[in-house]
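So this first bit is one chain, no partners, the form predicted alone, shown in structure tokens.
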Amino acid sequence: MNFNITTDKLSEIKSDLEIIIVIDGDLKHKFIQDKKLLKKAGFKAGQDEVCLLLEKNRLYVGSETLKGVGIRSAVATALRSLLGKKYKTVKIATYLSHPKCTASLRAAVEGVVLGAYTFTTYKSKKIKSRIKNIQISTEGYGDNYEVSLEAMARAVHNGDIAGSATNFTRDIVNTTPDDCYPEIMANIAEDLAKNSSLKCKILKPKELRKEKMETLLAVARASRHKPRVIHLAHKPKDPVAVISLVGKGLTYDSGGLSLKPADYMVGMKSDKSGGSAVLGIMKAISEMNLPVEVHGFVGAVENMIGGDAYKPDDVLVAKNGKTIEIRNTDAEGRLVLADTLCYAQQEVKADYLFDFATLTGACVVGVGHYTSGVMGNADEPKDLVVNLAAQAGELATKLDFNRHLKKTIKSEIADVCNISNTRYGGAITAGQFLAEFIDEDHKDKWAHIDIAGPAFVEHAWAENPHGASGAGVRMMLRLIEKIARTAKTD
């Protein structure tokens, strides 16, 4: 899809269709040319409400606000409504929430890319967006915009990269477990490196044993697909900061010997969402060429059943030497992350360390399908995630650790237990388990992001389709961009 910014008025631009966003139900705005027809159609311009006037070649969509959170969702919904239709060129005005800020423009571009997404790999009849060109006029919905063409071009460029990286992540998550297993995730990472400035290192079982990553290896033991640990690195000259990202890449999770009920196994291809997000973020970081050194680590494993499966009552030794009592083999993601986090900290001394995981159903129970839970030992990294998630149009909230819940993962026979002795507070106790594998150097630089809720939802919502959403990609891009900007101004 091609984006073009033009100083031509909307009336001067030739296109198959014009998209008009109606802000806060204001059907009296000068941009609204079809007031009578819209009234006749019963169009109220609620958030994401769409009205296509075929005879006018105009598509109206409502947004409650000029801010990015509303614009992104509205534009994505508009694009989704055009899937399978024959429109190839679209024109749209510039919508800014502030005369000097291009955030809403970037959100609109992200909305175009995200809304045009389809996953049709397994469909015999493929319905896709036919739109090839988006003409963005500098003619504004509001008055007195003071942004330069250069700033607008940068917003469009970054919005396109962020949306495309999110869709790249969605594709990996949506791919079935028979077609995406640890070796395939490693191949994806290697292909990324071949086509970019990224550096890639893959650890196979022999190297994993050498690194004493025994908890990760235990989870992988019963699968015919051997595990991989992926390390992608973006190393610009004179970086302003160093950030490590760690992702849970469970390409499929049966629950192991603590077998999931049948209904709970459906959708477990999504258990690689954290690792997939890390791959998507690294893709975008390399394309933006940000002046921040970023390392992406993925623990890619399949958790299956068999005669060689690890068992409840086993005691495993993690890479940092801590012993773990296994009481449930379906609490496997935290075991994979434990070793991968230790490896990441060994390889890189980072200014910030973030991990992404579809870690607990408890997080979904606690905050719903659409929100990520953010945990850690210190407020600064957690606040960074929550604040920048909001700017990116993702929902995230802090779930604070407390000493009383920490007692529930105490083991009588090992250093720590892999599940809590209570059914309550499961997202937090999983986070506190991970904290056992964060070293002193990174203790206050780390945040754990549980994306179990938003990563995979079986209905469309806002800018997200059925299935994978690419949760975590846009929020982390905004966070890394902010760190880059802040360092430049210091």
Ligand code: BES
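Each residue number is its position in the shown sequence, starting from 1. Here the structure is a predicted model, which means the values were calculated and not measured.
Note that the form predicted together with the named molecule isn't included here; everything after this is about it.
Colleague: Going by a heavy atom distance of 4.5 Å, is A452 a contact of the named molecule in the predicted complex?
Modeller: Contact check for A452: yes, within 4.5 Å of the named molecule in the predicted complex.
Colleague: Please check if D339 has a heavy atom lying within 4.5 Å of any heavy atom of the named molecule in the predicted complex.
Modeller: So D339 does not count as contacting the named molecule.
Colleague: Though only this chain appears here, would N328 touch the named molecule in the predicted complex if you measure heavy atom gaps against 4.5 Å?
Modeller: Output for N328 is yes: heavy atoms within 4.5 Å of the named molecule.
Colleague: Would you check, heavy atoms only and a 4.5 Å threshold, whether T360 touches the named molecule in the predicted complex?
Modeller: Contact with the named molecule, yes.
Colleague: Name the residue from V386, A309, I419, I172 that puts a heavy atom within 4.5 Å of the named molecule in the predicted complex.
Modeller: None of the other options qualify; the answer is I419.
Colleague: Taking 4.5 Å between heavy atoms as the contact cutoff, choose which of H225, K204, K260, K398 touches the named molecule in the predicted complex.
Modeller: In short, K260.
Colleague: Is the named molecule in the predicted complex close enough to V374, K382 and E394 that every residue in that trio has a heavy atom within 4.5 angstroms of it?
Modeller: The answer is no; none of V374, K382 and E394 reaches the named molecule.
Colleague: Among 266-274, 105-113, 121-129, 85-93, which stretch has residues whose heavy atoms lie within 4.5 Å of the named molecule in the predicted complex?
Modeller: Going by heavy atoms within 4.5 Å, the stretch is 266-274.
Colleague: Could you run down 237-254 and flag each residue that has a heavy atom within 4.5 Å of the named molecule in the predicted complex?
Modeller: If the 4.5 Å heavy-atom criterion is applied to the named molecule in the predicted complex, 237-254 yields K248, D253.
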